[in-house]
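Below you'll find only one chain, the form predicted alone, shown as structure tokens.
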């Protein structure tokens, strides 16, 4: 196999024997004429794949189509009945939660055990361990047996190990369906960092992930390959076939409480002196920034900048419900940002950006785009910036908010403090049906019945 190929499969087949009962298996084993008491189930039928190095391929299909079986064969977990397989490079796999972990070992021991399986020496794993431990975010549980882990903790550690062993090929089988929203965003960002450098195989039911991340898509159905090609073309045809096979599951009933329809003013920066008493304000239970490189507590956000202005704390409010971490489309909300100037800033620009778990920028505002005058900041000044707006009608999911303060304009500026993914906001379903990522808040429809033969 040439060095430009990562994986090459030819004629891969895999079948399993299905017995009606344990007695049938026993009868077949002892029958003098080798009579069959089983049915052959073909999980894969003649699969051919030629995956170039450095590309990301998505594998889609209904449950039971053979996706996971294919990945297990590629990773060497199971053997194909016939066909040939060639893999060029080190594989890191996220197949089943904790697969490859010894439940009696601690998390730390399993990290080094996984490194040994990946042919990484002890000394090298010692160097990588602090980064793995920090990414997994399981705290003191790193020294507890993994049999005591929750599924989320197990997934965190398994993912952290897989992405930090420098894989040439990264294989992910729906592993990100488990875990909290913030960690899912963090994992997706890490996966995107591999794009173009490592070969990736993703099994997922998230068609947006296939469209966003993948160079090619593979559609499997009942063990056979239906089609390989451009992700958009494959996803369109797969979606068509899915809907022709039956209606999708209907969403649950919606809450009956009406949503706010009032539209507040745009962002209004306010100066706040150190001595001002704001004890009447609700103190947001959100992370405080300790310095320019570290955010306290469990957030996992990354932060950087020149540091002449600091974002000291942030909060997200519903105008009706107070501090919240979940919002309805069409609800009046506000993002509050507290700033501390360490040096004089002549042209401050402050704003925020909302991204989905794939890293797509959904919407955002800043003081320039809203044409709001932000006065210069002097050393020692404290400011509170409030962005007040109606949350847009976007698809139900978890979204990350990034906050930033800079000096300059939209063309050229100095970034003083950017905090990525500082908050997670869950968007609750606000319509019984929604088509696409964004929906218009109010749409008028006029329907007229015309007489037969009437002129249009």
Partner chain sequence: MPRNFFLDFITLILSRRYLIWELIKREVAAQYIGSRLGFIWTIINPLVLILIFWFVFGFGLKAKPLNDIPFVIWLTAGMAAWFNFSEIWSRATTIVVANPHLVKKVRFPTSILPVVTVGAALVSHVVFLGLLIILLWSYQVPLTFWVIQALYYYLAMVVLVLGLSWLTASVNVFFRDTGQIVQLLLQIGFWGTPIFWDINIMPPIVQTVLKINPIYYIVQGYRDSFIYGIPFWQDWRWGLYFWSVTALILLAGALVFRRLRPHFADVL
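We call the rigid core the largest set of C-alpha positions that still match within 1.5 Å between the two forms. Everything numeric here is computed off the predicted structure, so don't read it as measured data. Residue numbers count along the first chain shown, from 1.
The protein also exists as the form predicted in complex with its partner chain; that form is not presented, and the subsequent description refers to it.
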item	value
Heavy atom of residue 18 within 4.5 Å of its partner chain in the predicted bound form	no
Touches its partner chain in the predicted bound form: residue 130 (any heavy atom, 4.5 Å)	no
4.5 Å heavy atom contact, residue 110 to its partner chain in the predicted bound form	yes
Distance check, residue 116 to its partner chain in the predicted bound form, heavy atom within 4.5 Å	yes
Listed residue (353, 226, 77, 211) with a non-hydrogen atom within 4.5 angstroms of its partner chain in the predicted bound form	77
Listed residue that, although its partner chain is not shown, lies within 4.5 Å of it in the predicted bound form (heavy atoms), from 101, 316, 219, 135	101
Location of its partner chain contact in the predicted bound form, chosen stretch of 318 to 326, 160 to 168, 120 to 128, 381 to 389 [non-hydrogen atom, 4.5 Å]	120 to 128
14, 25 and 105 each touching its partner chain in the predicted bound form (heavy atom, 4.5 Å)	yes
Those residues of 41 to 61 which, in the predicted bound form, come within 4.5 Å of its partner chain by heavy atom	none
Residue 27 C-alpha moves between the shown form and the other one by 2 Å or more, core aligned	yes
Is_shifted residue 38 between the shown form and the other one (CA, 2 Å cut-off, rigid core)	yes
Residue 147 C-alpha relocation of at least 2 Å between the shown form and the other one, rigid core basis	yes
